[in-house]
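Okay, here we've got a single chain as structure tokens, the form predicted alone, with questions on binding and movement later.
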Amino acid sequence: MEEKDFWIAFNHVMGIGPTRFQKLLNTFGDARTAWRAGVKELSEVIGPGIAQKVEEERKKIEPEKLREKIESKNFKVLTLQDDDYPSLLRNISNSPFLLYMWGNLDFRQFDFFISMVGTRRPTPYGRKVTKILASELAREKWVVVSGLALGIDGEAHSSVVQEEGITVGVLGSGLEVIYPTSHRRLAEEIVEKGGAIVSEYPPLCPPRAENFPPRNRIISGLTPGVVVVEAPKRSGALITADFALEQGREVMAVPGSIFSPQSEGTNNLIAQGAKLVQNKEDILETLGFSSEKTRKSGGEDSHLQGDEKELFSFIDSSGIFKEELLQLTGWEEGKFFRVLLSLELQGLVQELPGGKVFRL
């Protein structure tokens, strides 16, 4: 049997997390020896309650067969001992001692990773921002990491998939229990496009509420920076931002209306020092990268074409109300707001309270 077999076996014992597992390795030298230790010896390291759970699982688990069963489902197991374990994640204080992965992604083959998270109940504005940012980053070969949740997470993943890009979904459940179930097809598409679904929980683990906060440390730990698109005052996305700060990652946030509860958390992040994100360039510059500038100083619009150019031509530095702009274009509202948002994200125009739009 391989040493990895025993890492997997310990992962199936409720209560054995990174800290307790590391204590076992420090005491017994390897997982194989720890798995075969007596209950009394184990109790001295991890406490009698958890030691008894290990004893109960040992009666049911055959480590080698357990690994073979998991691998038969086309899942990979990456442990902290493996070279292909994500390097950024390895460096956080409480790295998962193993990850289950569905997909053929090799983290070593990619240089650029970014996390995008947000509320499960986004506004149309939040969805549009997510789609634009995720799509543009995907086109520049950035790997977008998120939580496969409803709302902003799902929008980020699906936008990358539509661009034939690479994205990683991090679960708060096992790989055989995709949650939410409505994102099962999205998870399949992520894998089909070369991305991956990962989890530190055993494949059959259900989506317990207590799993999700620890899951968020993986989302932030896989990347050098986190972008929070939309989040109310209390949100799992803000937990991810907290983990990012603890891990020394960059925290970025998209501003929103002061009247929108869904932007209360992101606006607070900005007030506390998070980088304000208006476009892709803000993200790249925060992380120390750059690409061809999409913003033009002094309102220069030579790079604009089609609908963007037409709408921009109606806006000047004195400002114009959105209602007037909509009448001038003659477009349906969905198209109008989509093009206007694109101009805002490029830093070419700005909407002020009251609905007036100015050229920058």
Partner chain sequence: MLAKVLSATAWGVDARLVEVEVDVASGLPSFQIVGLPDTAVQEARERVRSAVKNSGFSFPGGRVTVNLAPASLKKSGSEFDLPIALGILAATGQMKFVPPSVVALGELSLSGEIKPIAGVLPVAHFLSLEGKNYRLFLAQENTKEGALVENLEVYGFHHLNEVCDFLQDKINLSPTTLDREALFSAGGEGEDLSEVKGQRGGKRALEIAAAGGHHLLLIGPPGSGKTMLARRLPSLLPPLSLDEAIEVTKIHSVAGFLSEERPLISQRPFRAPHHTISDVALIGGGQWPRPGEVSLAHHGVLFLDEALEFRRNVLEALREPLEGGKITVARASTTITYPASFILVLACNPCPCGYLGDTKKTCTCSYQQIARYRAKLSGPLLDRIDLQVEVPRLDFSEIASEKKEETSQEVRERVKKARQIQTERFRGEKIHLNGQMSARYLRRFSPVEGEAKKLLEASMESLALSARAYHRILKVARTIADLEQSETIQLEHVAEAIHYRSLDRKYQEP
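Residue numbers count along the first chain shown, from 1. Remember, predicted model here, so these are calculated numbers, not experimental data. Between two forms, the rigid core is the largest collection of C-alphas that superpose within 1.5 Å.
The protein also exists as the form predicted in complex with its partner chain; that form is not presented, and the subsequent description refers to it.
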| said: When its partner chain is placed as it is in the predicted complex, are Arg121, Leu341 and Leu352 each within 4.5 Å of it, taking any non-hydrogen atom of the residue? | reply: yes
| query | Exactly one stretch in 140 to 148, 273 to 281, 176 to 184, 75 to 83 has heavy atoms within 4.5 Å of its partner chain in the predicted complex; which is it? | reply | 176 to 184
| its partner chain contact at Gln327 in the predicted complex, heavy atom, 4.5 Å | yes
| message | I'd like to know whether Lys335 contacts its partner chain in the predicted complex, with contact meaning heavy atoms within 4.5 angstroms. | response | yes
| Could you tell me if Lys53 has a non-hydrogen atom within 4.5 Å of its partner chain in the predicted complex? | no
| Looking in the predicted complex, any heavy atom of Phe314 within 4.5 Å of its partner chain? | no
| said: Would Gln346 count as moving between this form and the one not shown, using a Cα shift of 2 angstroms or more after superposing the core as the test? | reply: yes
| query | Relative to the superposed rigid core, does the CA atom of Gly29 travel 2 Å or more between this form and the one not shown? | reply | no
| request: Taking the shown form as the reference, report whether the CA atoms of Ser260 and Thr329 lie closer or farther apart in the predicted complex; the distance changes by 3 angstroms or more. | output: closer
| remark: in the predicted complex the CA atoms of Leu348 and Ser260, compared with here and shifted by at least 3 Å, lie closer
